[in-house]
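The data below hold one chain only, encoded as structure tokens and taken in the form predicted alone.
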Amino acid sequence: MENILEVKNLNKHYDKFALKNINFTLPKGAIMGFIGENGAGKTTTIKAILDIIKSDSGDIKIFGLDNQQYAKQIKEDIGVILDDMFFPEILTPNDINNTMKNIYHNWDSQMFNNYLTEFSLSPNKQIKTFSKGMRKKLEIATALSHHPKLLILDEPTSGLDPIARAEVIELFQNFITNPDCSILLSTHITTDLEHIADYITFINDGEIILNKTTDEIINNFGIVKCNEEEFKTIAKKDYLKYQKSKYQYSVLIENKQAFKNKYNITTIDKVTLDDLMVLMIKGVK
């Protein structure tokens, strides 16, 4: 399977934080959910991919091209939403349209205006009059309107109500029906990813701690609920992390079927991405 994005041994050091040997690949036609708590390194990784910040070492290829050497060429085919991205508040959507015509060769004014209509955004009102959700919709319309092949999205549904979020998720699903297109989607709303992501990459404290298909996580991972006596029978190699509450243990396992075959413990719950994050970060090994 051909990859649209390849990140190999990416390192970036700051005084109090570092990205350490980040590795992952995003195939064509796929959506990758990029998860982790605040400060874990998601935005730093994305900015390194986009060549907004310079990495200390490592290789990043987009469309098979070096992201620094071919930055200008690559930019034409990437749609971007960053969590700290903003348009000057005095501009209107019409101003954005006129500006983007001079930036992207493939800018599609008709498509942009169609999104404005779909999102109920007035083309002539200044951005300062827009709510947070409306501004996010404007960013999404802008990211999609030059026919990109790769979307790199940092919290794209932040500030949207559930109905608007569902509409945006449907847009992303329609985008990915083109087998040449892919999405790297960083979000704290992990329930969205459970429905649309093909892969999950989990970063914690600047390191990738899990990189699996979503199906692997949902179908194979589980949370064993047991008492202390039962927990003492479980070998350390057979679980990833655990948490102890007043009345029971919650134990994260990677292979439900193998666990069932080995242990006489029947209460195994399905794992959500929220469960996974909490146990992987807060749990004990």
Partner chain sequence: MLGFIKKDIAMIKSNKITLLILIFIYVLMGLSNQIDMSFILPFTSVVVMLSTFSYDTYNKWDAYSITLPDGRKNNIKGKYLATLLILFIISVIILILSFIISYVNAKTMNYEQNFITMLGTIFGTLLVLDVMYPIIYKFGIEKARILIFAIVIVLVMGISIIANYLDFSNILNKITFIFNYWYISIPLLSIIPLYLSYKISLHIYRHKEF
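Residue numbers count along the first chain shown, from 1. In this text the structure is predicted, and so the values were computed from the model without any measurement.
In what follows, reference is made to the form predicted together with its partner chain, a form of this protein that is not presented.
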Just to confirm the contact call: exactly one of 178-186, 198-206, 211-219, 99-107 touches its partner chain in the predicted complex at a 4.5 Å heavy atom cutoff, so which is it? 99-107
Do residue 90 and its partner chain share at least one heavy atom pair within 4.5 Å in the predicted complex? yes
4.5 angstroms heavy atom contact with its partner chain in the predicted complex for residue 47: yes
Indicate whether its partner chain has at least one heavy atom within 4.5 Å of a heavy atom of residue 76 in the predicted complex. yes
Residue 132: heavy atom within 4.5 Å of its partner chain in the predicted complex? no
The single option of 168, 193, 80, 116 touching its partner chain in the predicted complex, heavy atom within 4.5 Å: 80
Note that its partner chain is not shown here; using its position in the predicted complex, name the residues of 32-58 with a heavy atom within 4.5 Å of it, in sequence order. 47, 50, 51, 52, 53, 54
